[in-house]
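Starting off, we have a lone chain in the form predicted alone, written out as structure tokens.
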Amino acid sequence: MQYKILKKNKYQDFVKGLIEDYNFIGPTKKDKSVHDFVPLNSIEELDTNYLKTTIPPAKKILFPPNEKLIEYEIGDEIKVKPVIESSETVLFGINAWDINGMNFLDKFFSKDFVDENYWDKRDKLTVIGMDTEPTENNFALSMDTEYATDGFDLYLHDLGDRYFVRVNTPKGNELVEKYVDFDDASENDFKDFDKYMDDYRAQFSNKVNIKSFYDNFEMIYNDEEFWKKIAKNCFSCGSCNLVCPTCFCFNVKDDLKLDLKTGEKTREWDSCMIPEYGLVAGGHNFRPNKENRLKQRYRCKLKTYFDKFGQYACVGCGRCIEACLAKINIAEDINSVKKEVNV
């Protein structure tokens, strides 16, 4: 890791150079309350002072909601052509918890099977992170995801009159040397950065007792009344899955053209919370009720993948809390598990 300083009067020239040379994706204001990460053509469109985005930027870029996987032709022989679409892209202004969400997807799409569609896009993605103000529902501090140690090329921390820049990769170092002059960070810069991070972490007001959840979860796992109470208002709509930075469930479908000779296979986001997700041939459903589906979602997020990767499949962004029509709150539910055990 290298540490540099980018002066504010050089920031715009740096960003303009990136926009000119790359497919540049960054946050822009869509309306009074919503920002979105989209391709930008000018620095005037860029707005890094956002509180939240509904869809996580890295997830929709690397693992799109709908993605063509192969094209095929049926004749005397079946011809199959893989479809992998990617380009050199800069993802600018992504915050730490979404970077950590992307790090989880990196592990998932390479652990048991290397997904070429995901990794071709990932290898061509340059990630430049920036801190953003947490919402009242954000509990990233409790999940240790308010700070990213990897998964990015550059990370910019706003110290007021300058940016403290962490350079994490050779690719990031190339950008530092290419556009404008960056200064080496001094001892005073490190002191200011340390104070900045203390102040930044103090902004996270939502706290969860995640350290008690791992074992206590097993004690209430078979408590049907507890899960009925937790899932009472759930609509099984899947909104929580769609806005989650780490959810990876998908469905694959075939689309045969009218000529009955050509077609394509695509994948699209799916949700473990909808009733049909656990349905198999013969009409059996492995997760027939919403209580079981919510319980398994929490196990997946907070236990299963911690065992597998040493990392929770939840970064505490709070999007699922904000998107849930039934006001189900994962932060409150994590804390309620400990309360239930101590009754």
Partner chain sequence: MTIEAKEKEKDSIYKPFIATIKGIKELSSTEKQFDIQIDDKETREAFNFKPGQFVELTVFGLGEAPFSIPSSPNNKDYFELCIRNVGNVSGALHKMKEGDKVGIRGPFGKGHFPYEEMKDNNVVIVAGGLGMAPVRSLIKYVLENRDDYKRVIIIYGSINPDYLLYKDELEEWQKRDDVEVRLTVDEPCEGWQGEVGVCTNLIPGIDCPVDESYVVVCGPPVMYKFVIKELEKKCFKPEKVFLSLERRMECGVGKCNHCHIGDKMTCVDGPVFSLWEIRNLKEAI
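Numbering follows the first chain given and starts at 1. Everything numeric here is computed off the predicted structure, so don't read it as measured data.
Same protein, other form: the form predicted in complex with its partner chain, not shown, and the subject of what follows.
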### Query
Taking 70, 115 and 222 as the candidate spot, are all three within 4.5 angstroms of its partner chain in the predicted complex by heavy atoms?
yes
Within 4.5 Å of its partner chain in the predicted complex by heavy atoms, the stretch out of 204-212, 266-274, 141-149, 185-193 is 266-274
As a check of understanding, the residue in 259, 123, 199, 161 with any heavy atom within 4.5 Å of its partner chain in the predicted complex should be identified as 123
Answer key, its partner chain contact in the predicted complex at 4.5 Å (heavy atoms) among 38, 279, 34, 43: the residue is 279
Point to revise | Interface membership of residue 49, its partner chain in the predicted complex, 4.5 Å heavy atom rule | key: no
_Even though the partner isn't displayed, in the predicted complex is residue 296 close enough to its partner chain, meaning a heavy atom within 4.5 Å?_
yes
*Do residue 304 and its partner chain come within 4.5 Å of each other in the predicted complex, heavy atoms counted?*
yes
* Asked: Is residue 179 one of the residues lying within 4.5 Å of its partner chain in the predicted complex, judged by heavy atom distances?
  -> no
Of the residues spanning 17-34, the ones with some heavy atom within 4.5 Å of its partner chain in the predicted complex are none
